[in-house]
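In the structure tokens that follow, the same protein chain appears in two forms, which are kept apart as structure 1 and structure 2.
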Structure 1
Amino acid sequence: MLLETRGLSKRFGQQYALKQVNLQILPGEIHGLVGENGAGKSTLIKILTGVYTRDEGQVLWEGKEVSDLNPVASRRLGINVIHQDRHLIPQFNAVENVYLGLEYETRGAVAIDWKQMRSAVERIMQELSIELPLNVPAMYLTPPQKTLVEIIRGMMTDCKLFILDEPTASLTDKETDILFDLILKLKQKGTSVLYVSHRMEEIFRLTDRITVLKNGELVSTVQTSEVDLDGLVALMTDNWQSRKRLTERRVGAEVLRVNRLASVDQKVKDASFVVREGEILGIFGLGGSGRTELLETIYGLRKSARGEVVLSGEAYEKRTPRESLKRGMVLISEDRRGQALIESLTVRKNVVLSTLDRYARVGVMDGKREIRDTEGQIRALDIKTKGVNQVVKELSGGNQQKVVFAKALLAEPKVFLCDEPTQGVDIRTREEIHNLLRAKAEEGKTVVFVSSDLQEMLDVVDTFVILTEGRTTHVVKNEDLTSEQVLSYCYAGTREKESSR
């Protein structure tokens, strides 16, 4: 037994986040950890890595009890971790972030040897075939790039247990493949892996055994080979059955037209598409193709250099987020902590943020209505929170994402710009979000959907727009489309560009 917990409990206030958890991790196994949002997965990991202290119970490492667990001690034991909230120093570049908490390489005992550090990082990048700009401060990196930095950091030192808390939440398939190769390599070396994900196909593809958490309690640990998807879902949730909402949608009039749009920073070079009432349009591209930037440029968060946006038949110039909201267009941002939420404020204050003025009469907030509507959203989206006045920071990752959605829904938009809207949410909520978007489309709303999960896109969208290096190259109807076909369009875009050079 590499690691064992006995009767582990953790409370926040009066609420148990973990209750009497007995987890066992064998040497050399890939151990899946699953459960709904707020089940306690991240809390368990934070206890194992000494970020939180446990209230009760024991942690045994190779059979011996570990009493004083803190981040340093845990690292010394041989535990490396990628936390769900990526922990990077915003001003530091990738090299220095990789070395955070490690001994810096030095020359002559004091002076840091930057060159050596850089080449050490480059070596690992090459090994893993990761591409990453090394001179850019982390604050300018995209969420997937941040994850890559953390992966490199995890690989800098040998470890006996590698813990990954939703590493693929915003990774594209290519990066995901890199990660899986790496995990399998580690396994061959005899390293154990504790792997948290809401993507069940990953769990089935990778793991040897799976532990299921529900409401802070360990439901059971099963052999992966002895369980199927429905069985696993049944363990995680009470009486829930996947029911894909089948909708009768009629595509109506044109709502949003983007014409030869380019952003000032050239992340978006030439994007055009049209999307109509009742339509779910997917924008797909490889990592770094500029999907996020495209949505931001349409929304007015990013300055555009050229091109036009036509919303409901009206040319929409001078775009700002404020004006977009006014015109009925909302952005669900990919960067939850940076752009979507105010973590230090309560659920209620976040949920009504985009619609504040609607809750105010002559500037005075109508608290009752505000609470009623927030509670409505909490119920509708099944947000796990102590109440409308819990601080968002204290919610689990998936529940935070639901708060972002609740805020967008209250704005009652005509057009949803969704950038990785289901990142970090559990399968049940994910399906609920899909159904919700479908329902919105049925009502005649318009959805622009971006996800790095191609399978999800194939499930949800009506039409694909392929984006390659900031240019839209193809528009394809999602009829009997396979992921290989979509990807081939992406690569075709790249090839065309190269051949034209």
Structure 2
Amino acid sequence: MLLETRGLSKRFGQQYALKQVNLQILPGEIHGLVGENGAGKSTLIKILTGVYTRDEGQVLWEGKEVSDLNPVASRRLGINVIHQDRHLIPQFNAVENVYLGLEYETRGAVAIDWKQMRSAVERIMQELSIELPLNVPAMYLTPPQKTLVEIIRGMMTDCKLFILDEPTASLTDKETDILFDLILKLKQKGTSVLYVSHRMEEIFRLTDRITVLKNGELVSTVQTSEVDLDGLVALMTDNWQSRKRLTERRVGAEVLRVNRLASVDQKVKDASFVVREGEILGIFGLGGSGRTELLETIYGLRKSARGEVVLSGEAYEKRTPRESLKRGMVLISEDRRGQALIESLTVRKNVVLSTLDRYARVGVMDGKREIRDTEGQIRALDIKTKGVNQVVKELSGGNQQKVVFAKALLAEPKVFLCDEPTQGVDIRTREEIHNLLRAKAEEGKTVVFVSSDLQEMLDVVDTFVILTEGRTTHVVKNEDLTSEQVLSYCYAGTREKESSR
């Protein structure tokens, strides 16, 4: 046995986040860990990596009890982790971030050998077929690039247990395949992997066994080959059933028109589409297609070089986030921790953040109204929280994402720009977000939806806009479309682009 926990428990106040959990990880196995948001997965990981101290129970490593487990001791044992919220220093470049916690290479007595350190990073990148700008500060990297930095850092030392917490969130299919190849290589070397994901297809594709947590308690550990999706979901949830896109909605007048739009940085080169009342329009493309950048250019986070945006029949030229909100357009950002939430503030302060003006009276904030409106959103979205004054960073990832939506809904938007809105949330929360967006579309609102999960797009959107290297190549109705057909449009756009060069 590589790792074993016995009766592991963790309390926050009087509430158990983890209660009497017994987990066993075998040498060289890929072990899945699943459960809804708030099930205790992150708490368990933080105990195993020494971030949290356990209140009860034992942790055994290779048969011996570990009494003092802290981050340094955990890494010395051979445990490496990639967290869902990416632990990088924004001002450091990739090489500097990779070497966090590692000894620097030196020349002579004190001089840091940056050339040798860069070479070591490049060797791993070459082994894993990873492409990454090494001199760019982490704050300017995309979320997938940040994940790749974490993967490289984890590979800098020979680990016995690799913990991956939602590692494929926002990764392209190619990047995901690279990661999966790496995981299988680790298994062949005898390294164990604890794989945490809400994407069930990944769990079934990779793992040997699966442990299910619910409400902080262990439900079961099963052989992957002996359970199907319905059986696994039944263990995770109570009375839950997924609903797919079944019927078309009646669309109304044109709401948003994007015509030949290009951004100053040329991430978006020539994008065009029209979306109407009651329509969910999906923007899909391969890695580097410019999906996120297109939404940011429309919203005003990224400067445009040419082209036009027409909102409700009026040309919208000098776009800024503040002006977009005033005009009824909100952006659900891919990076909720970096751009959508202030984690150190309360649920209440985050929810009213975009609409503060409406709560000010003669320079004094109307606290009662803030509380009333926040409590209304908590009930409407079923946000699991101790109350309006709980700090957001204490919430699970799915409930944090619901706070992002609560903030957006208070602005009463007519256009939702959603960039990976279900990233890192559990099955139930994912479906709740889908149903929320469907409901808004049925009310006549407009939704522009971006996801790296093609099956999710097929389940949700009415129309596909295919983006290739910042250019619109196809607009296709989602009528009996298959994933193969969508990908063929993506690759066709790539071939057309190459043939024009």
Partner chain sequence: MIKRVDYRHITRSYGTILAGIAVTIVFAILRPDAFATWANLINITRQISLLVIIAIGATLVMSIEEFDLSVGAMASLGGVLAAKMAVAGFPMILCFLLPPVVAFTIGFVNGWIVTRFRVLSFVVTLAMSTIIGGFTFWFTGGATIFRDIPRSFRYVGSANVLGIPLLTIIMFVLVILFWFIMKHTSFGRKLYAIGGNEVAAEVSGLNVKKYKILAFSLCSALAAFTGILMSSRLGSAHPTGGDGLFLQSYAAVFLGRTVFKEGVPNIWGTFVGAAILGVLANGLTIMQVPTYMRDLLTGAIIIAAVVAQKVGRD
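The model shown is predicted, which means the values in this text are computed figures rather than measured ones. We call the rigid core the largest set of C-alpha positions that still match within 1.5 Å between the two forms. Numbering for residues begins at 1 and runs along the sequence of structure 1.
A.B. asks: Pick one: is 1 or 2 the form predicted in complex with the partner chain?
C.D. replies: Of the two forms shown, it is structure 1 that corresponds to the form predicted in complex with the partner chain, while structure 2 does not.
A.B. asks: Determine whether the C-alpha of K115 shifts by 2 Å or more between the two structures once the rigid core is superposed.
C.D. replies: Result for K115: no, shift under 2 Å.
A.B. asks: Relative to the superposed rigid core, does R76 relocate between the two structures - that is, does its Cα move 2 Å or more?
C.D. replies: R76 C-alpha, core-superposed: shift of less than 2 Å.
A.B. asks: Does V364 move appreciably between the two structures, meaning a CA displacement of 2 Å or more on the superposed rigid core?
C.D. replies: The answer is yes; the displacement is at least 2 Å.
A.B. asks: Look at the Cα of T355 between the two structures with the rigid core superposed and state its shift in Å.
C.D. replies: T355 C-alpha displacement between the two structures, core-aligned: 2.6 Å.
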